[in-house]
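Shown below, as structure tokens, is a lone chain in the form predicted on its own; questions about how it binds or moves come after it.
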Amino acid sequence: MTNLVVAAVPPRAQLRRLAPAMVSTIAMFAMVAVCASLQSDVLTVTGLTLILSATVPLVIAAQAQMMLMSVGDIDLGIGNFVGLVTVITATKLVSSPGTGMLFLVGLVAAYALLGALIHLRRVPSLIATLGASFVWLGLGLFVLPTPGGSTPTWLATFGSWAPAGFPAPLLPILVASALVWLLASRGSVGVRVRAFGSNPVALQRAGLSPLAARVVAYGVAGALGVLAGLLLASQTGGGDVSSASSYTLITVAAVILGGGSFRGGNAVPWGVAIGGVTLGLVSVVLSLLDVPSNMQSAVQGAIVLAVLAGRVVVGKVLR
């Protein structure tokens, strides 16, 4: 059995590793401050619930993207996949709960199978996941050609849950991020996945299977994608295969803002959660500022670039 020896991280190196999440945290609080200056009720429990609710499925989908980026892959199908889950939730999970659950389990298995295909056939992940995105889109349109349907009672109840003491959206964000952190940063599975992303040859020489590491990463990403779809359906009250199409690139940005890397070997669940919330709040700020809808994408991109520039500057200062 391979023993993993973790060396002590020097303070400066640790600061370098945490710097991206720190920059994103500052940006997130800046977004909340701007929202509060424009609408004073934002800092109440109800106000925070309203501005954070749309970020919940985005954060979970970003965690799924992080799992694949930790092995050096990028998922171009996560948006349509989440949309397909909302369709299954609004149709099969309502009419036949058992069949609906089998469909959702099958989607997770399909994601794991996609990871095996990428590894065994050496297909670039960008091409494979892009092709898969059209499969998810086609299946969603076949099951539900137009947006509609309804969500199961238990899911609708969770979506409308509003405790008096704290903003409800914080609970799924914190729980999901903690579980991913335990799996990706503390568990043996996470160690193998990150080792595969940083040095697959060394992983194989240690007697561990690179194929298993990639399949596990894709399986976990699929499970997180299903969870994101369920949460999105609980908010929208129905299914729409195009409801999460913007997640594909936003999740990549959230991972990078949170301290992730395109090279793999790095898992930063808490940073990704902060990055996802920050990007979700950008849309809220732009809406409160009455920025025209045809300009919001450009302004959102400029804000993301500014945060990334701050990350680069801080990284250079800490070298």
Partner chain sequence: MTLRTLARPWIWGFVASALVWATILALSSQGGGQTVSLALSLAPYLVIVGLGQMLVITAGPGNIDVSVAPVISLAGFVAVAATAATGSVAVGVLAGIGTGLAVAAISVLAILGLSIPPIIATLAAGLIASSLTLSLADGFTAVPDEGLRQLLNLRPAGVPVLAVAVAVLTALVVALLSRTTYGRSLLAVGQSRPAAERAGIPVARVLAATYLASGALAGLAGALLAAYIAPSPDLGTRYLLDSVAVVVIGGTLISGGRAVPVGIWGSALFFILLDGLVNLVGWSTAAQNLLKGGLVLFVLFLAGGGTRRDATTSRPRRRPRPATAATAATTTGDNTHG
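Positions refer to the first chain, counted from 1. Predicted model, so just to flag it, every value in this text is computed and none were measured.
Another form exists, predicted in complex with the partner chain; not displayed. Remarks below refer to it.
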Can you pick the stretch from 138 to 146, 219 to 227, 170 to 178, 102 to 110 whose heavy atoms fall within 4.5 Å of the partner chain in the model of the complex? 138 to 146
Can any non-hydrogen atom of Thr25 be found within 4.5 angstroms of the partner chain in the model of the complex? no
Is Phe29 a contact residue for the partner chain in the model of the complex, using a 4.5 Å heavy atom cut-off? no
In the model of the complex, does Ala164 have a heavy atom within 4.5 Å of the partner chain? no
Any chance Ser96 has a heavy atom within 4.5 Å of the partner chain in the model of the complex? no
In the model of the complex, which residues of 191 to 219 put a heavy atom within 4.5 Å of the partner chain? Gly197, Ser198, Pro200, Val201, Gln204, Arg205, Arg214
